[in-house]
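Below you will find one chain, with nothing else, as structure tokens; this is the form predicted alone, and questions on how it binds or moves follow later.
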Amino acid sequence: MLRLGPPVKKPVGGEFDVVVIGAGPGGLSAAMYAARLGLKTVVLEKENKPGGRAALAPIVEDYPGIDRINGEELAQKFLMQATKFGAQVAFGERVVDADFSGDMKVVTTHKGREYKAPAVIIATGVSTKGLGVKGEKEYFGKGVSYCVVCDAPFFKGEPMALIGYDDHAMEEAVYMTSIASKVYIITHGKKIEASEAHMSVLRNNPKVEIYEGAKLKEIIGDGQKVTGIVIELPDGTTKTIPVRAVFISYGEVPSTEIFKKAGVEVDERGFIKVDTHMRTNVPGVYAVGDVTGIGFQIVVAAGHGAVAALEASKHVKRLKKKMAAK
């Protein structure tokens, strides 16, 4: 892993001005802005590296000012900037509880550590849904995966299937074409919702077969590894396709249950509701990036983070002034 900037401090709980939950583009942008504004800032990240899903991108070429960069390297640059201005980052700290009832919000991690602050910025992102089809659980880790960048290289030169329909899925399919002998795209009953930039690449690649509207019915194997998939075509007939790996990139589930219990409002899909200032319904609590269901782009999350930090700074200053007047 590329290392940039000074060593990251390792906080172990305590009081701060701002607690940021999640070290993806939104969280780290928020931390950078908050720290630069002079706020004592901590970032809690359940994984052991920064970036979230952005770090998995093999190539990022739509972030303003940067022509072309690896997702992990971009994440490290976000981390470097945040820590340069004084933000502290605690990796391997999974938030398990939150109390937003008072002026001082309390966030508790799985290690039993409490982080307190008048402002909390939620940047927990999303996770990919499973499909619940026959063979999915049985062959997970034996050819079934939810992370193309992580696992596709293990099946280099083999035929692979990608289950998905949105822009993120098609971006992953483009990457798969550089590794697989054949790429089968199954949209699982959906119409493709992806940019023409990705689709033109895929449609013009002889290694790619797209089954729009087809559904994945079963993942088959020999008990040790995946050997193929069974799909149902739009006309109701079935087709068996030999593949060695199946990558599921189908829909996102926001990581919001803990915050919902703490009183934060979410929409019917589970995404946190925010206003144009990234404020939730709870004063002093903000949400940024994919967890809001808005954009699903690195640049959008980064912008969210900046807005939330600016608003959090105003909130913290108002609260400190109020407390000093007592």
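Counting begins at 1, following the sequence as shown. Take the two forms, find the largest set of C-alpha atoms that superpose within 1.5 Å, and that set is the rigid core. These numbers were taken from a predicted model, which means no experiment stands behind them.
Quick note: we don't show the form predicted in complex with a further copy of the same chain, though the next part is all about it.
Shown without its partner, this chain lists I192, V95, I220, V149 as candidates; in the predicted bound form, only V149 has a non-hydrogen atom within 4.5 angstroms of a further copy of the same chain.
Think of it this way: in the predicted bound form, a further copy of the same chain has a heavy atom of just one of Y175, Y139, F100, Y165 within 4.5 Å, and the residue is Y175. Within this chain, N281 is remote from the site of a further copy of the same chain in the predicted bound form, having no heavy atom within 4.5 Å.
Put simply, V19 is far from a further copy of the same chain in the predicted bound form: not one heavy atom of it is within 4.5 Å. Though the partner is left out of this view, N70 does not reach within 4.5 Å of a further copy of the same chain in the predicted bound form, counting heavy atoms only. Proximity of T41 to a further copy of the same chain in the predicted bound form falls outside the 4.5 Å heavy atom cutoff. The partner is not drawn, yet in the predicted bound form one stretch among 113-121, 201-209, 241-249, 181-189 has residues with heavy atoms inside 4.5 Å of a further copy of the same chain: 201-209.
Interface residues of 70-94, taken as those with a heavy atom within 4.5 Å of a further copy of the same chain in the predicted bound form (partner not displayed): L74, K77, F78, Q81, K84, F85, in sequence order. With the core held fixed, the Cα of E72 is displaced between this form and the one not shown by less than 2 Å.
Here S195 counts as shifted, since its C-alpha moves by at least 2 Å between this form and the one not shown after the core is aligned.
Between the C-alpha atoms of E45 and V148, a gap widened by no less than 3 Å is obtained in the predicted bound form, as opposed to the form on display. Compared with the form shown here, the C-alpha atoms of C150 and T292 sit at least 3 Å closer together in the predicted bound form.
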